[in-house]
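One chain follows as structure tokens, the form predicted alone.
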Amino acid sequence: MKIHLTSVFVDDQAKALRFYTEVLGFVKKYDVPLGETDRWLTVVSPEEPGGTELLLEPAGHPAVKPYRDALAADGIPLAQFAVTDVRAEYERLSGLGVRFTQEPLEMGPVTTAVFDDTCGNLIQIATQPQ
């Protein structure tokens, strides 16, 4: 068994697609219209185009807003992405205007940082222990 797809709820799929591709560097995999306004919209790492997909899921369900608001208020990231060098990625993303809620922090063998994805979520980046 392996993880094939996971999702983040987003307020605006077009805005999310721009952020996740143009800023974070993911690539669009699927963009399938669903009804009048929604899309099945996934992105993947350019390093693993056949790997785990991230669904940029519309945040229309009534339970989404209180859930995301509670996580954000407590500073809890909705997802974590692996990077090779947290400090370098922090500098790169900061230079692109990304707002971090936690600067790089070393915790034993792991370094993390947390940013606002502009779509209603906090996202953590982390190095993975060797």
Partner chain sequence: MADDLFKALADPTRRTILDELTEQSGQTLFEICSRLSMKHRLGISRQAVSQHLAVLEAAGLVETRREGRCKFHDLNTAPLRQITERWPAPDPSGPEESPS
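Predicted, not measured: the structure shown is a model, and the values here were computed from it. Residue numbers count along the first chain shown, from 1.
The same protein has a further form, the form predicted together with the partner chain, not shown here; the description that follows concerns it.
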All of Val86, Arg92 and Ala126 with a heavy atom within 4.5 Å of the partner chain in the model of the complex | no
Mark Val23 yes when one of its heavy atoms lies within 4.5 Å of a heavy atom of the partner chain in the model of the complex, and no otherwise.
-> no
Although the partner chain is absent from this view, report whether Arg99 comes within 4.5 Å of it in the model of the complex, heavy atoms only.
-> yes
Hey, in the model of the complex, does Val32 get a heavy atom within 4.5 angstroms of the partner chain?
-> no
Taking heavy atoms only, is Asp69 within 4.5 angstroms of the partner chain in the model of the complex?
-> yes
Note which of Pro46, Gly60, Gly75, Gly51 lies within 4.5 Å of the partner chain in the model of the complex, where distance is taken over heavy atoms; exactly one does.
-> Gly75
Assert contact_stretch over 38-46, 23-31, 101-109, 51-59 against the partner chain in the model of the complex, heavy atom within 4.5 Å, equals 101-109
